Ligand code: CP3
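Okay, here we've got a single chain as structure tokens, the form predicted on its own, with questions on binding and movement later.
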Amino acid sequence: MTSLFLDTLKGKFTSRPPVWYMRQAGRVLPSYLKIKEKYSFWQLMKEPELAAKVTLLPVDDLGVDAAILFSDILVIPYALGMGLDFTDRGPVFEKPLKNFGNPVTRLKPEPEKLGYIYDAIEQVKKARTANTPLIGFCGAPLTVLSFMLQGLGSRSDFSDAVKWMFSHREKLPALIDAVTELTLVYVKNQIKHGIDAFQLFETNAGLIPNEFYRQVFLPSVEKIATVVRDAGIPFIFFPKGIGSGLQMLGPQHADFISVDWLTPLERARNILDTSIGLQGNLDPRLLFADKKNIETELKNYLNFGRKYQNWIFNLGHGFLPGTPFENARFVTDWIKEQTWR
């Protein structure tokens, strides 16, 4: 496959940085919102043809250089036997793990529950154009466990989950192992069915102190990275909110590190080993500004992109609800129109 995105991940020279966006297959697209009027979130994920269609929408609508599988990071707890529903206030678990004395006994791995995702990957491969790479993904153990312990999702500060981690630290390893083992099965099957790159989302990396993260959770990240990279698949790690904790990440953890908007790219570049590529890090809130202000901010990326080849343009996190589609398309077109080399 000839792909600007994959060539960049593999260290090859390209004419410009590739561009894609976290949460690109969803809320920012008018075409997605129209489909969403007819189907629930679960239906869109569980029906392979629908999932494939939504996965590929941003390639045409936004002009991005890669597609990312339309799914959710909480499919792992779902396949661990936790009752999960997606509501207007975000994902909600029927029985949060914080309510049980020994929560690992509540987990019943059912890897077959993930089969519909592999069917979706096969459908994407059939429907995509020849030069559209597919990014697979999953949530990292800290982030997934935060949801499982807290019981609800994106609008939570996860305070109960963090308190549980500090007060039951001796019980954490068993929970992390349970999540990690099923994640490895999930990752291997995504690779088997034909993804071209993989991103691990540690959205809640900033919830706990860096040293706590390094000791307790980072070994699992390395396990996942090893499985992906041993299969010849490029591995991107997104540790949102990790800040100065970037210094504890090395070449063994990722091919590329995705940087949030709180850390300037130049600072991240100075901290990380030069063999590690960067991805990011436009503040998604900027897309609510007018195009003149957006362009002013984008110009700050030109010098960085001209200096460093191993960089993928992306947001510092995903699109926010209500993001103007025309501004998202403007950013993509602007990146493509500049002289980078």
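Fair warning: this is a prediction, and the values are worked out from it, not measured in the lab. Residue numbers here begin at 1 and follow the sequence given.
Another form exists, predicted together with the named molecule; not displayed. Remarks below refer to it.
Peer 1: The named molecule isn't shown here, but in the model of the complex which of 48, 284, 305, 26 has a heavy atom within 4.5 Å of it?
Peer 2: Of the candidates 48, 284, 305, 26, 26 is the one lying within 4.5 Å of the named molecule in the model of the complex.
Peer 1: Ok, 72, 222, 119, 181: which has a heavy atom sitting within 4.5 Å of the named molecule in the model of the complex?
Peer 2: Partner contact (heavy atom, 4.5 Å) among the options: 72.
Peer 1: Name the stretch, out of 268-276, 307-315, 26-34, 285-293, where some heavy atom lies within 4.5 Å of the named molecule in the model of the complex.
Peer 2: Contact-bearing stretch, as computed: 26-34.
Peer 1: Answer yes or no: in the model of the complex, does the named molecule come within 4.5 Å of a heavy atom in every one of 86, 91 and 147?
Peer 2: The answer is yes; 86, 91 and 147 each reach the named molecule.
Peer 1: Using 4.5 Å between non-hydrogen atoms, is residue 212 touching the named molecule in the model of the complex?
Peer 2: Contact with the named molecule, no.
Peer 1: Should residue 301 be classed as touching the named molecule in the model of the complex when contacts are defined as heavy atoms within 4.5 Å?
Peer 2: No, residue 301 stays farther than 4.5 Å from the named molecule in the model of the complex.
Peer 1: How about residue 66: is it within 4.5 Å of the named molecule in the model of the complex, going by heavy atoms?
Peer 2: No.
Peer 1: Although the partner isn't part of this model, could you tell me whether residue 235 comes within 4.5 Å of the named molecule in the model of the complex, counting any heavy atom of the residue?
Peer 2: Output for residue 235 is no: heavy atoms all beyond 4.5 Å of the named molecule.
Peer 1: Counting only heavy atoms, which residues in 201-229 are within 4.5 Å of the named molecule in the model of the complex?
Peer 2: Sequence-ordered list: 201, 203.
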